[in-house]
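The data below hold one chain only, encoded as structure tokens and taken in the form predicted alone.
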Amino acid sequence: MDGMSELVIETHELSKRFGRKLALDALTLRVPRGGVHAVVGSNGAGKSTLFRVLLGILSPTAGSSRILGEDSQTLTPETRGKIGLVHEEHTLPSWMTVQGLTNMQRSLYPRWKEGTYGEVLGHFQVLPEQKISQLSRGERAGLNLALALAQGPEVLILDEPTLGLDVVAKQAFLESLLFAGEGEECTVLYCSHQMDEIERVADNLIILERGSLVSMAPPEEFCRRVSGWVVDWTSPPPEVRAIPGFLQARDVDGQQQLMVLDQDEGFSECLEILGANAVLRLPIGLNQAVNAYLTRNHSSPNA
């Protein structure tokens, strides 16, 4: 590894303010080398701001950030060449042909991987002679990913890359990403609101809330922390402050569905003590777990 740091992303009390809005709030984050790290959070959580600071597009208001061992604000051309980026707009020069753009990119990156480029682009119906302006959104997304992966990046940042893609294009994109991750020394930061994508590709789940880090763990580990319960109360439900680990509640056909954090099987006994007549545990998916966690402060009818 040439003595390289095992951390590819490091931020220390990183803050970014836009007027009165605090987009990043003393964020301290350490992302290890390798794997796919999914960054999730509600709109306005600071995900895109974090990426822009890491890339040196924005300057922090306070704190610091490093990528591949260098300060984000003073990245050398050599280090920038080791960072790939695919964002939701998939903006490419519309007047160029696919072949012309590929030739230009191939000449710029000494680590260019022709096999990776061909394999990834093969998932999409893209012809070399086509102009970029003739490509569909899904085809542009595929070309963008192929170009980014072929440059042999050490870090690949994907900011909502499948937004607006149809089912077929999204499937091809994810399959290409999974293929490219096999045996590659590339660390992927993947931002998406689609939990089905996260469950499929992510090794690590990073949850941001109001510009701060609130959780960092493998998706399955985070999902185990959240449990769902259907409760039939003998009397009106207790105040939520009395329910350990309360995240979310909603009424369904006279029963209450509860989502709670960090509770084991003994939680059912706790509910019975609080007045539950019947208790049933529900299976919980990642989408439900993350949604309950992110809406926990304003999801209760009697909070």
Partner chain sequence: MWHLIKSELLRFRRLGFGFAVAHLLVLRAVSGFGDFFAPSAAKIGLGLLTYALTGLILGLYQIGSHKKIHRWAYLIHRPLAPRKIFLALCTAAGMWLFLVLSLPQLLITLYLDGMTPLWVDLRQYALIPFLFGTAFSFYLVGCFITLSRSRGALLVAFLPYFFLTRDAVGLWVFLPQLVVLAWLAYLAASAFKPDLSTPLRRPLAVAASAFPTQYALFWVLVAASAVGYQSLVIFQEEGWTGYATHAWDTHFAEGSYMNAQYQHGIEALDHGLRGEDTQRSVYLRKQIELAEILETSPWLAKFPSRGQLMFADGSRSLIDEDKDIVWTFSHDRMLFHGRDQGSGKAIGWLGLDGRIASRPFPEVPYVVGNRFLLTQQRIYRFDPRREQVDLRFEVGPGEQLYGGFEQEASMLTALTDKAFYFFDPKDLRDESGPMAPTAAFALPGEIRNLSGVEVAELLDGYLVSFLFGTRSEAGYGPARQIMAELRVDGSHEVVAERVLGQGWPAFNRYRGFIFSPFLEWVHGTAWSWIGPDRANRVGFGEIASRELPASVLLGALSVAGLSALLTAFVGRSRDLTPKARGAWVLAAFCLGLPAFLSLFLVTGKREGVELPASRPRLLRQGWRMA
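Note that the structure is a prediction, hence the values are computed from the model and not measured. Numbering follows the first chain given and starts at 1.
Unshown form predicted in complex with its partner chain; subsequent notes refer to it.
Per the 4.5 Å heavy atom criterion, its partner chain in the predicted complex is contacted by stretch 197-205, the sole one of 226-234, 164-172, 197-205, 115-123. Comment: its partner chain is not present in this chain, but in the predicted complex one of 62, 242, 278, 273 has a heavy atom within 4.5 Å of it, namely 62. By the criterion of a heavy atom within 4.5 Å, residue 32 is counted among the residues contacting its partner chain in the predicted complex. Contact check for residue 103: a non-hydrogen atom falls within 4.5 Å of its partner chain in the predicted complex. Although the partner is absent here, residue 152 sits far enough away that none of its heavy atoms falls within 4.5 Å of its partner chain in the predicted complex. Within this chain, residue 283 is remote from the site of its partner chain in the predicted complex, having no heavy atom within 4.5 Å.
Along 91-109, these residues reach a heavy atom to within 4.5 Å of its partner chain in the predicted complex: 91, 92, 93, 95, 96, 101, 103, 104, 105, 107, 108, 109.
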